[in-house]
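Next up is one chain by itself, shown in structure tokens, the form predicted on its own.
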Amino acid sequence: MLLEVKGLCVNYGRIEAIRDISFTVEEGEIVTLIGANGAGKTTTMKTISGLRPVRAGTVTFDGQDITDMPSHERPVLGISQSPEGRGCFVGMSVMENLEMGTYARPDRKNKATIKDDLDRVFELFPRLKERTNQAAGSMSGGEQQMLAMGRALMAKPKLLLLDEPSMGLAPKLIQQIFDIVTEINSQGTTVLLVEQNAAQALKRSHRAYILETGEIVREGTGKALAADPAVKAAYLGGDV
């Protein structure tokens, strides 16, 4: 078991954002959290990253209880996040953004290893290689999404957290981003994905969980949930 979330409760003041949710991510999987706006998906991701305090429950990563671990220590263990809204350092170049992804790596001074991982990112995202000296803030939304994902990969994570990677992108680019997510997983990186594009997410996922108002209401394989009439009606427009 790579990640286990058990009985997790998270509040914003007196408001319960997540109520007693439990789920797992096995090594090598793509697992997706699906739900409408306000369902608790991003809060869940922030809590796994250590950006939200836990009111109750536990988060265990690679056999270690990280429930109360500071956020800056989690990348060292192998957790890296591409956040909702991309979060690029807009005044920095593409290369500087990618270099920021290596800050928690014990081998960050090993130039050969870093170059190998940089080459991998450029292979996945050729557009970034073309724009290494360009300021991130001058790039398109799709290019910034590629940069956010590339930066997260430069941390060499065991678990990659992707929060709404298709948000605000054109349909053609959405397909490309999901193809890259599948490729990242096939290269050996476990992925926890938050997505509103349920059709694409379920198509790519080994397993998925559906959140509604802070609670998990359904779970199953991506294929099974995509075929579930209730899921189709609520999240797939009646079709896959």
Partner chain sequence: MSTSTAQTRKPRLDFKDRVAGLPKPVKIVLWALFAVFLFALPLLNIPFITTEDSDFGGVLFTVATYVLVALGLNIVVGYAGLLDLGYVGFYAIGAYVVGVLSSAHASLPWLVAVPIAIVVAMISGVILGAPTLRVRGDYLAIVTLGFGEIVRLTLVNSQWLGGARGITDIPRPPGIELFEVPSLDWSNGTPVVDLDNTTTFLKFGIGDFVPYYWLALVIIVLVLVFDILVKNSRVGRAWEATREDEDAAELMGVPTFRFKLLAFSLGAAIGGLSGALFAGKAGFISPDSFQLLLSILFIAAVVVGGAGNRVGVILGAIVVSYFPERFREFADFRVLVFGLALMVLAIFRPQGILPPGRTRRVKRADEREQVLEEGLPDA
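Quick caveat: nothing in here was measured; it's all calculated off a predicted structure. Positions refer to the first chain, counted from 1.
One more form of this protein, predicted in complex with its partner chain, exists but is not displayed; see below.
Proximity to its partner chain in the predicted bound form, defined as a heavy atom within 4.5 Å, singles out one entry of A135, I114, M167, L124, which is A135. Its partner chain is not shown here, and in the predicted bound form it never comes within 4.5 Å of any heavy atom of L77. In the predicted bound form, G87 approaches its partner chain with a heavy atom inside 4.5 Å. Although the partner is absent here, Q145 is not a contact residue: none of its heavy atoms lies within 4.5 angstroms of its partner chain in the predicted bound form. Its partner chain in the predicted bound form is approached by R108, whose closest heavy atom lies within 4.5 angstroms of it. Each of S71, A104 and R151 places at least one heavy atom within 4.5 Å of its partner chain in the predicted bound form. Residues with any non-hydrogen atom within 4.5 angstroms of its partner chain in the predicted bound form fall in just one of 169 to 177, 30 to 38, 45 to 53, 194 to 202: 45 to 53. If you take 82 to 106 and check each residue for a heavy atom within 4.5 Å of its partner chain in the predicted bound form, you get P83, G87, F89, V90, G91, M92, S93, E96, E99, M100, G101, Y103, A104, in sequence order.
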